[in-house]
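Taking the form predicted alone, here's one chain by itself in structure tokens.
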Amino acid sequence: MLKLDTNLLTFDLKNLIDSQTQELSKILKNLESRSADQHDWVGWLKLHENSETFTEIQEFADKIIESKNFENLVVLGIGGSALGPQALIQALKSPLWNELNHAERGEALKVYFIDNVDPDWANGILSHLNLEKTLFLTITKSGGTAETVSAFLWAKAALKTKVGHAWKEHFVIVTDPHKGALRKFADKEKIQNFAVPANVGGRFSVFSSVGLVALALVGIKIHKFQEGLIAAYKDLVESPDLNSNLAINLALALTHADTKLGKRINPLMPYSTHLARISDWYVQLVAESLGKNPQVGPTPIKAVGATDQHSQLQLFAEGPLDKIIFFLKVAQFKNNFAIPSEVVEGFADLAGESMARLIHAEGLGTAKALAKKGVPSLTIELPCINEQNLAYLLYAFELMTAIAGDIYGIDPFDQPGVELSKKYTYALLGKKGFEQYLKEI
């Protein structure tokens, strides 16, 4: 189970929870009741119950890996269709995963992400891969995301030139179960595909087929995520003990700091490079869910310890006092390199220490220094980095966001600001429907 240290907050979370017990319990019960509605957006709350999906995806991935037909996986997706699997792969795999040889990597696939319409970046990946040994995973819930579909069409054309009629075997599509152009295309062409549950939105979809397919194809046993989700659901939704509820503590800390203390900037700062992209995923989750009212709502930003002690920390410590920082700590690293006892003159304090102990001291020292400057923080501690703990952490953040939305009185599951940008984009392209887009704008 993850631990939460709130000793460096400037307010008492327990009193806040005790004063709002009925309201908070009601929020949890309401979310749980909504999760069964196929027309609502709370299906993510019970993705752990979809055992058939976990099994189907794992069996598919095992078959692909055992076939040895593919060496590379290229994920075509953007936003919630890419950030989740990117974050979890970085957390769990070697930073040199794609460079490992077969003896180290086995037959699990190398993985590359094309999550933008930058033609130089996309060409830099596709032009250096053997397309005959490459599997393309196309992810878009709507089935019509311009950035993803453009990359899909480009890859499809390249594959047709390279492998001819066999191009279909090089694609896997993840999209809505019933709607959208890509759904129709996948069904018509009989391309391998997996459905995104209709009641699960993109930024809450990491433990649906959106994230699980890529994770399984790089050799991660995805049922371990299911175990973490089951534990999180039991602790955070079913348990009556609100004071120990990680999601509730985070939601109240976030909203109270914003609305009562004017601390609206919310860095998420893991003291682990493996968790760096968790911050990217978190930024989208919070920004796109809660950024809908000019008067309230946190602004999440990414930071990584100890790296950003040498860039952003100066601002955090002596800039505007408008921040509440969430630290992530890893209690037990897989490695613990010892610093040699014989060091050069002037570095005696480091002699005989370990890098793990040093990064722990960096994190606690930073939190204490910020507290002295009036910057509140809390620390979430993961016992270690594994699938179960990561699932628990991300689920807690999702539930935190949903609870905060209720407290703010906003819908955390839509994204009207993003949709307006899409309309402008298509209008500027001058394609079919130009006049209608102008009317809607």
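Every value quoted in this text rests on a predicted model; they were computed, and no experiment measured them. Don't overthink the numbering: it's just position in the shown sequence, from 1.
From this point on, the text means the form predicted in complex with 5-phosphoarabinonic acid, which you will not see here.
Chemist: Check each of 53, 379, 35, 415 and return the one that places a heavy atom within 4.5 angstroms of 5-phosphoarabinonic acid in the model of the complex.
Modeler: After the contact test, the surviving option is 415.
Chemist: Please tell me which of 288, 235, 71, 115 lies within 4.5 Å of 5-phosphoarabinonic acid in the model of the complex, judged by heavy atoms.
Modeler: Flagged contact: 288.
Chemist: Among 214-222, 72-80, 358-366, 248-256, which stretch sits within 4.5 Å of 5-phosphoarabinonic acid in the model of the complex, heavy atoms only?
Modeler: In short, 72-80.
Chemist: Does any heavy atom of residue 270 come within 4.5 Å of a heavy atom of 5-phosphoarabinonic acid in the model of the complex?
Modeler: No, no contact at 4.5 Å.
Chemist: Using the partner position in the model of the complex, report whether residue 312 sits within 4.5 Å of 5-phosphoarabinonic acid, counting heavy atoms only.
Modeler: No, residue 312 stays farther than 4.5 Å from 5-phosphoarabinonic acid in the model of the complex.
Chemist: Taking heavy atoms and a 4.5 Å cut-off, does residue 263 contact 5-phosphoarabinonic acid in the model of the complex?
Modeler: Output for residue 263 is no: heavy atoms all beyond 4.5 Å of 5-phosphoarabinonic acid.
Chemist: Mark residue 202 yes when one of its heavy atoms lies within 4.5 Å of a heavy atom of 5-phosphoarabinonic acid in the model of the complex, and no otherwise.
Modeler: It does: once 5-phosphoarabinonic acid is placed as it appears in the model of the complex, residue 202 has a heavy atom within 4.5 Å of it.
Chemist: Report whether all of 274, 279 and 388 sit within 4.5 Å of 5-phosphoarabinonic acid in the model of the complex, measuring from non-hydrogen atoms.
Modeler: No.
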